[in-house]
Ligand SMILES: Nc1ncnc2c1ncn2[C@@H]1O[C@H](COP(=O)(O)OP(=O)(O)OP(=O)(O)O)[C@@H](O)[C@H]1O
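As a starting point, one isolated chain is supplied in structure tokens, in the form predicted on its own.
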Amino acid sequence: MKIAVVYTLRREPLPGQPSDYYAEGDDPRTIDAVVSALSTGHDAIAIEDDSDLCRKLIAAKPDIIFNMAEGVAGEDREARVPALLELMGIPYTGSTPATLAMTLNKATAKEILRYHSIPVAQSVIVSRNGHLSEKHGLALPLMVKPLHEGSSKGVRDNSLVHAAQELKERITFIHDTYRQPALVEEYLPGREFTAAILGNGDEARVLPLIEINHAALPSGANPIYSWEAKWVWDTTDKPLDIFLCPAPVDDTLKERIEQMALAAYEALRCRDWCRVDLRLDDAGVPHLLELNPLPGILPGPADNSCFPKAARAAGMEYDALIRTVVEIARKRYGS
């Protein structure tokens, strides 16, 4: 079987672009690791998602795509490659264009989750050239995020604001830097978790839960999994002990988080795999933060990459994880 790994390359930003502009792309090490994993028993190649993608796919004639293309610009960028593959009739791993568009837009995802009675943090959207009304009903402290970004883009340590002036400054920062609305969200002060899900329908399962260890952050840092926590303070030379896996939770909380993650997975019609981020409120009730149907998959055991770490805790090494995702997708297509 011929498998094409379609990816977005992580690059250095151009002048005038935010420093995290390409943060959702993958580096060559990850791309090579995925191709290597799929080369066992298959003909695997890597194809970059660019303006020439359609021609390259026609020339390659792949049987299935391992989709890890995040796209670069636009609020529906993650949906672009799957939409093209649907048009061309090429099977692919992962979720549909509709799901990828809904999950990237945090407000849309929240609306759907609320409809399904899945708890989420209360929030308001502040559009560009708009302002936050004093009647918004949210109490400080608050989180301020870009409306449609991932990989902690725009979520800095100071995104947790404690005063009205800080709130105004962060909203302006989002508008000016990312050219999109800001999502102002109530801060959930409890423990933070990630649930990695594999499978479809009744076969969907949650891998061992990961807890974000806020105690591992530098002294004085806010207890959030920020851009700095992911990409600045956590380095290969000095890794943060940021993940606890399996998470130290009792059976009741574990079951509650797993059931909520699976319910969200189904509500947003995710396919094959997804990472679900949750946080507890001050009463210990889990709330959904967001869903990531294109989860990060850094290959090294020492890398703080949630999905591979959860898979290893379940006894599944990196190569087996990548091949399992393809097999789940092939089963879904009936091949």
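Just so you know, these numbers come straight off a predicted model, no measurement behind them. Numbers follow the displayed sequence, beginning with 1.
Unshown form predicted together with the named molecule; subsequent notes refer to it.
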| item | value |
| --- | --- |
| G150: touches the named molecule in the predicted complex, heavy atom cutoff 4.5 angstroms | yes |
| Contact flag, R256 vs the named molecule in the predicted complex, heavy atom cut 4.5 Å | no |
| Distance check, D303 to the named molecule in the predicted complex, heavy atom within 4.5 Å | no |
| Exercise: F243 in contact with the named molecule in the predicted complex, heavy atom 4.5 Å | no |
| Y187, E192 and L289 all contacting the named molecule in the predicted complex, non-hydrogen atom within 4.5 Å | yes |
| Among 196 to 204, 137 to 145, 166 to 174, 94 to 102, the region lying within 4.5 Å of the named molecule in the predicted complex by heavy atom distance | 137 to 145 |
| Among the candidates A109, A261, V155, A182, the residue which, in the predicted complex, approaches the named molecule to within 4.5 Å (heavy atoms) | V155 |
| Of I118, V161, A121, V124, the one that lies within 4.5 Å of the named molecule in the predicted complex (heavy atoms) | A121 |
